[in-house]
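Alright, here's a single protein chain in two forms, structure 1 and structure 2, each given by itself as structure tokens.
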Structure 1
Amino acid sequence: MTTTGIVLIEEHAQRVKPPRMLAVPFFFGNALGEADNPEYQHKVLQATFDLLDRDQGPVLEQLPDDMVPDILMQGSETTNESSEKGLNSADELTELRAYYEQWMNSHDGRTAVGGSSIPQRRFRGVVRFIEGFISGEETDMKERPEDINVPQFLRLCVNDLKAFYYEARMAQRPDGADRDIHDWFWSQTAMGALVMALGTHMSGIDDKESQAVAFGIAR
């Protein structure tokens, strides 16, 4: 079977040597680039399928330079202003809920939220769970599947929270650029500050899995 694919970390493909891979300079969760930009996403897919024309492998090519957007800043590269404004994550969630539901309605229910299996109306509980974990409490959620450990469950929760915020912001600011939404999350929201604090806390835990999750959690 002839195969092709996309890789976010080029070094992984160099080590594994799969038959054909397109290396893209995007963050985890954005393998096709900008959210809600199907025209650009189809171009990335076409570049991936073009590798099927290579008759010998392994093939590892980078996304063409003229297709590479401005690289988004990571959370650790921004200064978060939410504490100066007295914001908190739980209240932000409540305020953004109507915009998130507007996004759902306008996209026939399509959403990137759902990996944690926790309904978005229970996300205030997720915030308490994360805050307790950072404080060193023995905290957990009844929704966590038995076969998923706490570090991986935290990763799934953060993915859902970020998707909730990004989709709500896209409904709130439909003409907003991908970079603007990304910078807004990390520099202006209390949730961005909470995720950064979680990443910092997990990186200091003497556990390789926690440290691995911390590496990708604030991007």
Structure 2
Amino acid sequence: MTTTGIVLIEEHAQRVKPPRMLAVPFFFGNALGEADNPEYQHKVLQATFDLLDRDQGPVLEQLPDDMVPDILMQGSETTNESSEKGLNSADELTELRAYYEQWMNSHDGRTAVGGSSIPQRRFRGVVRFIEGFISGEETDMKERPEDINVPQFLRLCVNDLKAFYYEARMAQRPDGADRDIHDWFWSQTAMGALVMALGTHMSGIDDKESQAVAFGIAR
């Protein structure tokens, strides 16, 4: 079989030496350039398939960097103001539900929520689960499969909560820039503060698996 592909970090392809790779200038999460831009995605695909015409390799060519998404903003770059405003995650979930459902309805039911398998209408229970875990309680959820331990399940819960918030916000502000959504989540929502607190708590647990999970929850 003949292979061709897209690489985000050109320096890694120089070391691995795959047969044909197109180095693109986009940040992680945007391999084909831009969401909801089929024309540009086809441009990236065409450039990737064009590498199949080369007669020797390794081939490592660059896509012209005429479109570069913003750098991902991490939670630690912001100061969360939700507690001063008296916000709490459970009420936020209720307030955002209509927007989240609006997102799903306008996207043919497509949602990134689902890794934990907990229905979004049970997310207030997920908040209590996370709050209990942070405060050191023996806490669990009946939806957790036996073969997924608590740290891994917490990560899946956080992924779902973030996706719920982000999709609700995108329905609320359809023209909002990605960076504005990150800023809103981490600096203005009680959920952002809760997720950051969970990440901090798990990174301090003397268990490598919890620490590995924490690195993927918030930093």
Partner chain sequence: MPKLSALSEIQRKSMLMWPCIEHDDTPWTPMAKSLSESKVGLVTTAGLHLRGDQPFRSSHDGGDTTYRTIPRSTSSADIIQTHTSLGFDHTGIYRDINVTLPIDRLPELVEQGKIGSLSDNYYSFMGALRDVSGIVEDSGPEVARKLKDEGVDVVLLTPT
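Under this definition, the rigid core comprises the largest set of C-alpha atoms superposing within 1.5 Å between the forms. Residues are numbered by position in structure 1's sequence, first residue being 1. None of the values given here were measured: they were computed from a predicted structure.
Only structure 1 comes from the form predicted on its own. If you fit the rigid core between the two structures, you'll see the Cα of His12 move by 2 angstroms or more. Comparing the forms between the two structures, the C-alpha position of Asp180 differs by less than 2 angstroms, with the core used for superposition. In this overlay on the rigid core, Leu194 has a C-alpha that sits less than 2 Å away from its partner position between the two structures. With both forms fitted on their core, the C-alpha atom of Leu22 sits 7.5 Å from where it sits in the other form; this compares the forms between the two structures.
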